[in-house]
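A single chain comes next, written as structure tokens; it is the form predicted alone.
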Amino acid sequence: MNAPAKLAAPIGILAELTHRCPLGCPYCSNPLALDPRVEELDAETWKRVFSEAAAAGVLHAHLSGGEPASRRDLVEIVAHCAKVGLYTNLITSGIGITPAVMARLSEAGLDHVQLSIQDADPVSADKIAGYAGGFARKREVAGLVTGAGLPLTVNAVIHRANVARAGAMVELAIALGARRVEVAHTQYYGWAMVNRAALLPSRAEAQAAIEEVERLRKLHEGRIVIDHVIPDYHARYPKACMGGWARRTLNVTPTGRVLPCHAAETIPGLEFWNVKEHSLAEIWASSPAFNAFRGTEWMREPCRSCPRKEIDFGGCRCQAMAMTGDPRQADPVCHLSPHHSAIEAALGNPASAGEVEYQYRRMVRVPAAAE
């Protein structure tokens, strides 16, 4: 194991309350094998997990899914997070958030809402989500959030179908009353890897989007915060994924497995501990999966001797796994990686315009949370 002598406390927990979701987004970041509803942690277990998180030093609880509003005990969970002093951030598609639900969430102590949008164009947005009427519903929910006095962040995932409107999505976020917008280019794991040929924009398209978003960042400085996640496949160096493996945050799946990052289960051979058998503090410090790639001792060349190894920590382990079959390899995004040609090959072989058809993640539409 590579755990450092002094291990800092995690600052955030991503709680995947459910994998159920009414949308079918072709870039869905959830695993290919979803956790069934009957195996989801109940509210009492989630409350214990959040109590342990607060005791361990966690500051932020990100309530995600799937669609967290499909859980009828969402308000109860939010209230408990507030009780133990966690800042609560609801990450939602908006589907299932009614005026009554929004009022109850606000009363329970919800601190912040992140609302996903698929495009600035309504027709395209609904096509990407695989959900008719989704765009209009999201606009309504944005109004509910701001009407409740809660800060709103808009999440916009960028890919070929909307890359030309990256700037328009920033402008839409402003029109919706958002205080922050996260413009993030698609990460190609799981379901997004299945659809990569249909989702991956060209280098020229990506660069034009980057320039437009950066222009708007300067133009709207002081009006809205624009967080911009540059596309991996068009970068020279890899990102410090999750700020480094198991350094800042942890993820809890709907059935209680605790992961160092959202896609960690794509790496075979890792042992993930479950909150049903271990405390969060124990998992954070001692779980085999969390210690697998902590620090830098696990690194191979060229990462081991690279002056950037404490900056990007070798890049993304899941991306290395997806592209090379070995999570210990240098992230192929890096131009110094011996596997960088895999990125060039993907960029050089996109689907033609006539081939852009998604494989949707079709799921059963879920009811709104209890009103």
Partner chain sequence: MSAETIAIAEEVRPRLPRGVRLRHDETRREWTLLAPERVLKADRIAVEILKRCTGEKTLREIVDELTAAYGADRARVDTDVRALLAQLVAKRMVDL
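Just so we're clear, the structure is a prediction, and the values are computed from it rather than from any experiment. Positions refer to the first chain, counted from 1.
The same protein also exists as the form predicted together with the partner chain; that form is not shown, yet it is the one meant from here on.
Novice: Among R300, R203, R180, R139, which has at least one heavy atom within 4.5 Å of the partner chain in the model of the complex?
Specialist: Contact with the partner chain in the model of the complex is made by R180 alone.
Novice: Among A263, L199, L110, L74, which has any heavy atom within 4.5 Å of the partner chain in the model of the complex?
Specialist: By the 4.5 Å criterion, the partner-contacting residue is L110.
Novice: If we take heavy atoms and a 4.5 Å cut-off, which stretch out of 330 to 338, 306 to 314, 25 to 33, 49 to 57 is in contact with the partner chain in the model of the complex?
Specialist: Of the options, only 49 to 57 has residues within 4.5 Å of the partner.
Novice: Against the partner chain in the model of the complex, would N89 count as a contact residue? Criterion: heavy atoms within 4.5 Å.
Specialist: Result yes; N89 sits at the interface with the partner chain in the model of the complex.
Novice: Is there a heavy atom of A184 no more than 4.5 Å from a heavy atom of the partner chain in the model of the complex?
Specialist: A184: no, not in contact with the partner chain in the model of the complex.
Novice: Is there a non-hydrogen atom of P268 within 4.5 angstroms of a non-hydrogen atom of the partner chain in the model of the complex?
Specialist: Judged by the heavy-atom cut-off of 4.5 Å, P268 is well away from the partner chain in the model of the complex.
Novice: Please determine whether I224 contacts the partner chain in the model of the complex, using a 4.5 Å cut-off between heavy atoms.
Specialist: Because a heavy atom of I224 falls inside 4.5 Å of the partner chain in the model of the complex, the answer is yes.
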